[in-house]
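There is one chain below, alone, in C-alpha cells, taken in the form predicted on its own.
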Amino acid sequence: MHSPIVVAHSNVARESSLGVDTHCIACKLYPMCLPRGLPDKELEDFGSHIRRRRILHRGRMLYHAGQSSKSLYTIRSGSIKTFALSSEGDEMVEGFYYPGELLGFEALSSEPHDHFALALETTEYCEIPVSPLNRLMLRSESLRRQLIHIITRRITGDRRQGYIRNRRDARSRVAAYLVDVSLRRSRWRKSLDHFQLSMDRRDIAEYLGLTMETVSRCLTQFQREGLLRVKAKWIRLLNQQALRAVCGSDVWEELHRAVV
C-alpha cells in the first residue's frame, strides 16, 4: 500500500525563517547542541553560518531520499519522523527525532539522503551547512570533539532502537518505546510522566514491527493495569517502575545510558 503522505508531499518544503536571529548560547538547547563549549570567537564564527529558527509545518518534508545532502539539522521544537520506502512503495519507519537531536549526518560524507524526513507536527529547526562547518572544524579542536561526541550519541541511540525493536513480546516493545520517549523528552526539561505522542498508532506499529491493533491492545492493557492513562495522543505514566519492569531491566539500563 502506497503512503499517502509521500504522494502528497514528495517535494521538499523549506519554510521561511521567523526572522528572529537568536545567538546559540541563548538557546535553551545549547547544552545539547553542536556549538556547546566553543570559545567565544569560534562560537561567533559558527553562529554566523547557521540558518536559525526555520519552520516546517506538519506533513512537510525536511528532505527526501535521493536529494543531495548539504546540511545537518538540529530540532528546536516539534518532532520529525524518518522513513524509507520498500520496493512496493510502503513506508518503513526508521526513527523519531525530538528537540536537541541532530539528523542529516550523511551530509558529512557528501552522500545523498537515503531516507525521508517528515514533520509530525509544526517543527522549528536550525540548519547547519556542512561546507562552512568543515572549514571551521579544521581550526577548532573543540568543534571536532563535540561533533564526535554527538555522533557517538547517535550510534548509542541506534543501538537503543535495536534494544526496543528486538524485545520478544509486544508488551515489552511498547513499554520500552514509551520509556524511551519519556527519557528523551526529559533531556530538554519536559515532563517525564506526561507527554503527547506526535506520531499515530500506525507509525508506532511500523517502527516496532507490530500491528496497529497490537499497539492499541497493549496500551489498553497497560491502562487497565494502572500503569498509564491514555487520552487521544496524550500519555500519562502512572507507574513508571512497573512499566520499566515490563520492558526489562537490561533494556531500561540501556535506554537510560543512551540519554543521560
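In this text, residue numbers run from 1 along the sequence as written. In this text, all values refer to a predicted model and were calculated from it rather than measured experimentally.
What comes next is about the form predicted together with a further copy of the same chain, which does not appear here.
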Any idea which of 73-81, 131-139, 174-182, 117-125 reaches within 4.5 Å of a further copy of the same chain in the predicted bound form, heavy atoms considered? 131-139
Answer with yes or no whether L147 is in contact with a further copy of the same chain in the predicted bound form, where contact means some heavy atom within 4.5 Å. yes
Does the 4.5 Å heavy atom contact test between Y207 and a further copy of the same chain in the predicted bound form come out positive? yes
Flag T156 as yes or no: does it have a non-hydrogen atom within 4.5 angstroms of any non-hydrogen atom of a further copy of the same chain in the predicted bound form? yes
In the predicted bound form, is there a heavy atom of a further copy of the same chain that lies within 4.5 Å of any heavy atom of N166, even though the partner is absent here? yes
Note that a further copy of the same chain is not shown here; using its position in the predicted bound form, name the residues of 103-127 with a heavy atom within 4.5 Å of it, in sequence order. F105, E106, L108, S109, E111, D114, H115
